[in-house]
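Here we start with a single chain on its own, the form predicted alone, put down as structure tokens.
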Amino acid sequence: MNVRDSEHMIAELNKKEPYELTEKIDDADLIIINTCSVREKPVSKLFSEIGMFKKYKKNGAKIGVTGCTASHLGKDIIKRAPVVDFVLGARNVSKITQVLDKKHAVEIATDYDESTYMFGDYRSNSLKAMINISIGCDKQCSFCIVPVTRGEEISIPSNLIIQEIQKAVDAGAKEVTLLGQNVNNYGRRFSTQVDGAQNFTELLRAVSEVEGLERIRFTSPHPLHMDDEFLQEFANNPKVCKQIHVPLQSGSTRLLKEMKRGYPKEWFLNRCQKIKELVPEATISTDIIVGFPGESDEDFADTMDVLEKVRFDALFSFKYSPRPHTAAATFENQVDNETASKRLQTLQARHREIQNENMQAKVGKVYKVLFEELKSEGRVAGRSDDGTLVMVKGSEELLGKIVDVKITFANITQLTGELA
């Protein structure tokens, strides 16, 4: 979502002046730091980044801070770092050209509605398009700051989504990724009267009818909203890639309740089992937090139990990080750093073993791969339908094509194959 926000800002800036990206700090007329605030580390890193840019930027170059950290720190960013020229919150992306020439402008309203705003066109990858289908989040997970920084959840009308996808396909895109904080909660709230798709399953069907579009991905769905109709569509729609992210957070039903996730361990396992029954070849990834306040050895054992039962193909795991404006930051029984670190190491070590076993099982199989990037030594890289990185010997002639590849070698991060 942050990548798409950055693309939107570039597109809006290009409406005003012909900006182009540069890798050299001392060439830049404008430096934008687009931030995340889900964990504490990116927030603390922000001010060291600002200091570095202040040191190396050319005279007259502007610095802007945007994104979620901008939303929750606002004016405090400029107080701590007066070199910053403007602060633009995650819900105010379309205002980038308005703040550009206002010294110390701060626009961070989280009730600002961009759900029907038509951004300019800019994509970092012409073969793959990222499309927002909703903004904000109505969940109140006790560990998460996102509802504070991105505001209430509003769905984007399906006709605007289809229109944007069609433009991307007409420009050469073969694949689209639908983006939202909880994509499968699509349709919960619109800011205008709408016709067309009213829920996520209906939206998937509508998107799949776009002529020329070959692949559909989405992130992130919420386990709570994974009803059977949605999973059937995921399984049976040939354009929907068989890769799904199912955020667990914890395997402990007791902690899931404390986290306000809305589902118990058994529901999560049931949904993953259903996915595997419907689509045995699907890859399943997840998010896990260790060291959440009050997490006992038994709670952590429940998380390890889910890891063993589901055998996730990819795992995004972190130690719990107290965030401002969240309920969990005030909870007692905060887990000490040493215990949390040991649990994280245990979780990640076991997952690496599972991941390696999952990848080795792909050797000898044939996958359809969309090639999108030239690599060194005469290789081309792409993604299989299930989202795995695949390398083959080849040239630019493969770019943009979906080709059968037989896998000949696997390591923990990627596959190597030959054209089938």
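This structure is a prediction, so every number in the text was calculated from the model and none was measured. Residue numbers run from 1 along the displayed sequence.
The following text describes the form predicted in complex with a small molecule, which does not appear among the structures shown.
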property: The unique member of L389, V38, I354, A28 whose heavy atoms fall within 4.5 Å of the small molecule in the model of the complex; result: V38
property: The single option of F143, F218, F234, F312 touching the small molecule in the model of the complex, heavy atom within 4.5 Å; result: F143
property: Contact test in the model of the complex: T97 vs the small molecule, heavy atoms, 4.5 Å; result: no
property: The small molecule contact in the model of the complex: Q181, any heavy atom under 4.5 Å; result: yes
property: Contact of S321 with the small molecule in the model of the complex (heavy atom, 4.5 Å); result: yes
property: Partner proximity in the model of the complex: I289 to the small molecule, non-hydrogen atom cutoff 4.5 Å; result: yes
property: Partner-proximal stretch of 276 to 284, 206 to 214, 247 to 255, 72 to 80 relative to the small molecule in the model of the complex, 4.5 angstroms, heavy atom; result: 247 to 255
